[in-house]
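Coming up is one lone chain in structure tokens, specifically the form predicted on its own.
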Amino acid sequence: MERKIGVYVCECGPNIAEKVDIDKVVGAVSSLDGVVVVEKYKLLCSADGKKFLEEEIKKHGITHLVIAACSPKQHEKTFMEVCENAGINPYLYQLANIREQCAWITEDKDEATKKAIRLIKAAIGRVKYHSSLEKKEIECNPAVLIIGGGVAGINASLELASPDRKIYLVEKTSSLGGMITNFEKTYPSMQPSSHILKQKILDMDKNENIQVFIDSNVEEIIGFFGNFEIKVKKKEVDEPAEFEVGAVMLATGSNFFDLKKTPQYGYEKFDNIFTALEFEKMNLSGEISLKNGKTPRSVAIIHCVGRDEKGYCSEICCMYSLKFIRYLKDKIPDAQVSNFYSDLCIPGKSYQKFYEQTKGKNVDFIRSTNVEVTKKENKLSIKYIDENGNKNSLLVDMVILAPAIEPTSDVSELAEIAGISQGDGGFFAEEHEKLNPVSTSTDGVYIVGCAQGPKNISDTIVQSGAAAGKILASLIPGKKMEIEVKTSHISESFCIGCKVCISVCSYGAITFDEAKKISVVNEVICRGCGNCVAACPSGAATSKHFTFKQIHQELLEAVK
């Protein structure tokens, strides 16, 4: 087929036009082999610009298109749609970034112009070897598996369930609600949490589109986004339940740091030393008291227990410690409360206001290190070094320890079952901390709440809503799902069966054919990352739209 390459340079308002001599660029590429037209335009991504491009493609019979404009991240899809509307395959097009990679970073106009010419020539050299790729669609299952019956899992279940979408909620304990069931109130509003949670659980019970498995564990997740096969094993039941879903959400919560690893705080060695969760339960019972039944008159709250051992701040400990001060002052107004902390984590206006309203008479905040709890007569002695480096001690009736937040004990097992990785601190790893905080490296598997890292209740609910929104937008009942077309391919004749590609595949898209002794790519799962191509020692692995010839020609022009 005769290649007719059209090159269009965007002025991008003043962004490119003021830093690059566009007329010189047009003249430099007009005579290149295969180029039939070169034009400049003020703003190609505008409605008028897109219309202009469509008309130009049809007018000149263009088969391959090069756009010199901005970042592919911003407008690659925009110009692919233009190609489709004009009747050419969208993969017969290449975008040269002469804004971010040229105009915005090169002060000298002559140098910027020379660089723009090289980038456009590189795009022309590459696009000559582009092949048409066809979009593929698969049937998808709109049902969702949610692992974890805490506030995140419950909230997501209610947002997702509909007559067209079945929700399977799996909880490993015997009841729903998670850790929040032990809380009397939540901060900073200090509103009772139990009635809200109970109502949500009642709503779930009434919803025939939600099936709940308690005392159960997920044993197997096989498949890919849109088509996962699930096995759930209920305790004391021999046969696992089996069903299919299109997406998986991990809302497994977290645990508290094991205080046995910090014996200096005297936990389980001396009476009247409580963990944060134990104190929550005590307060919920209606009475705060010592082991002998008496009311404590002095209480120490020790923040950041286990922070040094874990290597990170758990974010929520300072705030729930402030809530504990409210509990104490509500039930024992004249109690002396001393907070021992290394750094206070109080993010945001509402939390700062909560802090300001909480501190006051008989409430001390002591910045300290080397905190140790011992017994002295009938009191607990807090030994510490203050911020001036002086050794001090304080006698109190009760000690509350605020331990670090860490992943659940089964996090590694679940990560392997779900085919996702673990990140800092052992929590499930998100795809991108800012851009995709609820997505994972495995398409269709989402993480929310404390499964992804320490989080308060409001942030947990927001995250569960965000993940539910992603699922609602991508798994639409009755609609087929478009899959990646720029996938990898492994040549049967070149594959030596070393399995290196399998070990580097981030998506689990490559399997080994034992009969043929070769690796095989499942194009439905493959996302075209190219890891296998880079690692393959025999050259058997290639990536569609990123072939050796395409990249080689692009580099040849770029480095001239």
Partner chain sequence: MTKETEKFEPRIVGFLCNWCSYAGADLAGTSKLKIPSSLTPIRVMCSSRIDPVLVTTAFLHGADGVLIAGCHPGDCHYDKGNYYARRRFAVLKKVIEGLGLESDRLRLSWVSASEGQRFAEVINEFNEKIKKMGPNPIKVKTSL
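Positions refer to the first chain, counted from 1. By rigid core we mean the largest C-alpha set that fits within 1.5 Å across both forms. In this text the structure is predicted, and so the values were computed from the model without any measurement.
One more form of this protein, predicted in complex with the partner chain, exists but is not displayed; see below.
Three-residue site L290, V373 and D410 fully in contact with the partner chain in the model of the complex at 4.5 Å by heavy atom: Not a single listed residue reaches the partner chain in the model of the complex, so no.
Interface membership of I196, the partner chain in the model of the complex, 4.5 Å heavy atom rule: Although the partner chain is absent here, I196 would stay clear of it in the model of the complex, with no heavy atoms inside 4.5 Å.
Interface membership of V504, the partner chain in the model of the complex, 4.5 Å heavy atom rule: V504: contacts the partner chain in the model of the complex.
The partner chain contact at G530 in the model of the complex, heavy atom, 4.5 Å: Close contact exists here: in the model of the complex, G530 approaches the partner chain to within 4.5 Å, heavy atoms only.
Exercise: L119 in contact with the partner chain in the model of the complex, heavy atom 4.5 Å: Yes.
Partner-facing stretch of 66-74, 50-58, 509-517, 22-30, counted where any non-hydrogen atom is within 4.5 angstroms of the partner chain in the model of the complex: Result for this chain: 66-74.
Of E239, E107, E377, E134, the one that lies within 4.5 Å of the partner chain in the model of the complex (heavy atoms): It is E107 that has a heavy atom within 4.5 Å of the partner.
Of E431, D459, E159, D397, the one that lies within 4.5 Å of the partner chain in the model of the complex (heavy atoms): Of the listed residues, the single hit is E431.
Residues within 4.5 Å of the partner chain in the model of the complex, restricted to 542-560 and counted by heavy atom: Result: S543, F546, T547, F548, I551, H552, E554, L555, L556, A558, V559, K560.
Core fit, then R126 C-alpha moves 2 Å or more between the shown form and the other one: Yes, its C-alpha moves 2 Å or more.
C-alpha of H75 off by 2 Å or more between the shown form and the other one on rigid core: Superposed on the core, H75 moves its C-alpha 2 Å or more between the shown form and the other one.
Large Cα move at S157 between the shown form and the other one, threshold 2 Å, rigid core: S157 C-alpha, core-superposed: shift of less than 2 Å.
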